[in-house]
Structures are given as structure tokens and as C-alpha cells.
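Shown next as C-alpha cells: one chain only, the form predicted alone.
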């Protein structure tokens, strides 16, 4: 199957790239928002076609059972976020927070971001993957600072500095992998092609591989938002446009995690290399427990959910660190459910902040009474992200905990402790935000509820029933991850 006469992998790269070029030239906001949504929809269609017709593996591009999970999730959330973004950005234009020039820049950068994330996911060259993640980082830095306020520019600068440190560490780790592969694979491009690397990894120098993974974990772990490498993430969420918060939490963190998983598989193919699992387990637990306590201290609603993202990325990293068919399955499911749920929450939070004119939790209250659709949407989202049944995150967390109890019972203690602490914080905050005496302004904003409830419906369906083909798909990927 092809899109506009080109294969699907080329389409998921060329569509956003072409759309970005067109959007950079279009002055009209409404036309720009429609092109943004249309391009995202076409990219999603191209991604879905990969289920039926995968192109052959090349030296630069690859589609396999692992990255197709990330590609479909990224293009789906990218599409729904573009729909949400259309109404959100229209309000920003009316209030004067963004000018038509910045709107044109925003839409172009949105498609550049989609291009960069898709390129990172389909890259069969570890150097190309690094370049794509760096491009995605630089694009989001520009979008975080788009409001041009002192706080937004400070957040963008912090993101740039910490992101640059992280990507530099990841680059050094990538170079070390190349050096480890060179004696076995040879000089040149072949020593950077992932399919060649994983096929011959058993002959690589294990000492160099071990050192490389430490740098890769620290470098890409910064992008994942793992504590103590997380400092950029709350500021970026709080000061940037809310659609970018949804993309950051729901997608970009996953792309960096995907890069880590690729290198984890590389180490697993070398029997003399150390297991990367314990390092991932430690960072995952630290992130989970730290972020859970920090939820109690947040005064800004977007910062609070940014720390919730750190918490859940910790759970996902922990699950993949534990490894094995069940834990890997749970990690994949949790990653998918978190992306859908957290983006839905940010869809609600974005409109709430526009209506109230503030992101301060103290000035937001009684939403189910004053704005029942948004209020109950937020309630459902928080219930889902807190891990209550019958929603999908309850199922994934249950699988993570049960697999940990079965294999390492002592590790289950801090895992469950962190989950309970975070659960308490979210429900405590939800009571004041959604119920009780209304607080703050009661303005009106253009709102698009479809993306929010579509995500929540999928999360509910996944908690009640997972279709057999999806289960088989995730089980196969879980086996590949080792």
C-alpha cells in the first residue's frame, strides 16, 4: 500500500516535511490549522498501512515489530493533538498571546517535530537516530519559548542547556558503540546500521558496550525525564503551549525511551556484557518515588501533571529494566496507556487554563459545576492516570506489580509505595479542582472535546478488554525486548 505513490515509510517522513514547508509560508491561521490537521491525518494513515505492507529494510530506514508500536502511537496522538491544537491556538490568537506570525511558526514547527520523531523511530542508523532526536529537542525548545515571556524564555533556555548536555552524552555513547562494533563489523556505515549491529553484537568488546550504555542511559534518560535528570521537564510543560505539553508527555519521552530500548537489545545480544536492567530499574524507582512526593508540592496544574509524567516514565523504565515477557508486555501497555491518558489530561487542562485565565491550582475549583464537560473529562483522566479500575493504567500497573512480586518481591515494596504516594496526591488535588465551591473566572473558550474523550474511551476499552491481535502483537514485541 502506498500514499500518493510513495511507500508508507517515506510518506510518514515526507508528509510532515512538506507540510512544514507549506505552513511556514501560509499567513492565514485557519488554512494553516486545517493543513496541520490534514497532514497529521495523512501521516497516521500512512503509519497504519505499515500493518499490511512493510517496505524492505534499508541501510537508513527500518520498520519492524518494535518500532511500529511507537510509530502508530506517535502518529495517532500527533493527529488528535493537532485537532485539539486548532481550537486552543485560535483562542490564543483572539487573546493576543500569539500573533499571526508566531502562529505560522507554531504550525510549521509542529510538523517539523512530527517529522523528527518519525525519523528517530524508523532510523536504522544509530547516528541518524541521534540526529533526529536532537532535531526534535531543538524544535520543542523553540516551541516552549514561543510566548516570549521571561518565564517562557527561561524555561526554553533551561531545556536547551540540559537537553544539550543529555544529547552530548548520548552522542558519546553512540560513538562508543561504533568503536565497539568496528573490529567486528568494519569501518564506515555498516558499523552504525542497527540491524548489522544487533546481528553481530556477540562479538563486540563488552567493556566498551557497558561504558556506552551508561552514557546512553544518562543521555537519553535526560530526554525521558528520569530523575535526577528531569529538571527541564516541569518548566517546559508549564510555560509552553499546552498542545506541546501533550506531545512532550505523550510522545517525545517515548521516542527517547525507544532509543534506550534499541541499545538495551544490543547489550542483551552480547553474553559477556553486563545486564542493563539493574540500571534502568534503579533510575525508574528513583523517578517514581521522587515524582510521587513532588506531586504534593505543586501549585501549578501543568507542573503537577509534568511530575506525573516523570512518575509514569519511571514505572515504564522500571518495567523494561525488569525485562521478561510479562514485564515487557506491561511496560508496552503502560507506555501506550500513559500516552493516551496524559495527552487527554493536557487537552482538558489547556482549555481549563484558558477559561480560568490561570494555571494556579488555588484559583481553579468546582469545575464539574461551572464547566461540567471539562470538569468530568478531567476527573476521568485523573482517575485513569491514578491507576483506578477498570481503566487501562490499572491493568498495566497490576501487571508490572505482579511480575515484580513473582521475580523480585523486595523491589515490589518501593514500587507499590511510590504508586500509592502518587495516587494519594492526585486524588487530593482532584477534589479541589473538580468539586466543591467554584473558584476563579468563569470565562468561555473555544474547545474541542473530541480528542480528549476519544483517548479516554480507548483507555477504558483497554482496561475492560484487549483484542486478541493487540495482545499477540504486544507479546511478540515483549519477546523481542528480552
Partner chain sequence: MPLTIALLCVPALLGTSLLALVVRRSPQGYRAVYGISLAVSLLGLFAALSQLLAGAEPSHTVLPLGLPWLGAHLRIDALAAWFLLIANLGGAAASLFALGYGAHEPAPQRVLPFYPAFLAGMTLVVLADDAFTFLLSWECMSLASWALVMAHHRERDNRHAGYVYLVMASFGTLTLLLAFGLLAGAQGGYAFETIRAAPPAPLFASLVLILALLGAGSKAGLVPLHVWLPLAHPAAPSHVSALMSGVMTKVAIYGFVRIVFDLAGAPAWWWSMLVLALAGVTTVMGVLYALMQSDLKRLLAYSTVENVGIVYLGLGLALAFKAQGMAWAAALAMTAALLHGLNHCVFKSLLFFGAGAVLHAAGERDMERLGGLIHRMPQTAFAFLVGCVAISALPPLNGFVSEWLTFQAVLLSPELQSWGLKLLVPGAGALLALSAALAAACFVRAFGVTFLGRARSPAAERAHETDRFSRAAMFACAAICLVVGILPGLFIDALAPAVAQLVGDRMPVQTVAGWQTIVPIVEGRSSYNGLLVFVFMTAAASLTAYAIHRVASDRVRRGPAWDCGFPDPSPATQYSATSFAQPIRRVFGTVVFRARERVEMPPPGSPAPARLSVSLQDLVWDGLYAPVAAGVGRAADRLNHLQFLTIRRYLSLVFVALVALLLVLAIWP
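As the structure is a prediction and not an experimental result, all values here were calculated from the model. Positions refer to the first chain, counted from 1.
The same protein has a further form, the form predicted together with its partner chain, not shown here; the description that follows concerns it.
Shown alone here, residue 214 lies within 4.5 Å of its partner chain in the model of the complex, counting heavy atoms only. Contact between residue 38 and its partner chain in the model of the complex is not found at the 4.5 Å heavy atom cutoff. By the criterion of a heavy atom within 4.5 Å, residue 402 is counted among the residues contacting its partner chain in the model of the complex.
For residue 475, a non-hydrogen atom is located within 4.5 Å of its partner chain in the model of the complex, even though that partner is not displayed. Stretch-level contact check against its partner chain in the model of the complex with heavy atoms at 4.5 Å: of 89-97, 365-373, 340-348, 252-260, the positive one is 365-373.
Annotated contacts: 34, 51 and 132 are all free of its partner chain in the model of the complex [non-hydrogen atom within 4.5 angstroms]. A single residue from the set 73, 103, 229, 201 has any heavy atom within 4.5 angstroms of its partner chain in the model of the complex; that residue is 229. Residues from 160-176 that approach its partner chain in the model of the complex with a non-hydrogen atom closer than or equal to 4.5 Å are 161, 162, 165, 169, in the order they occur in the chain.
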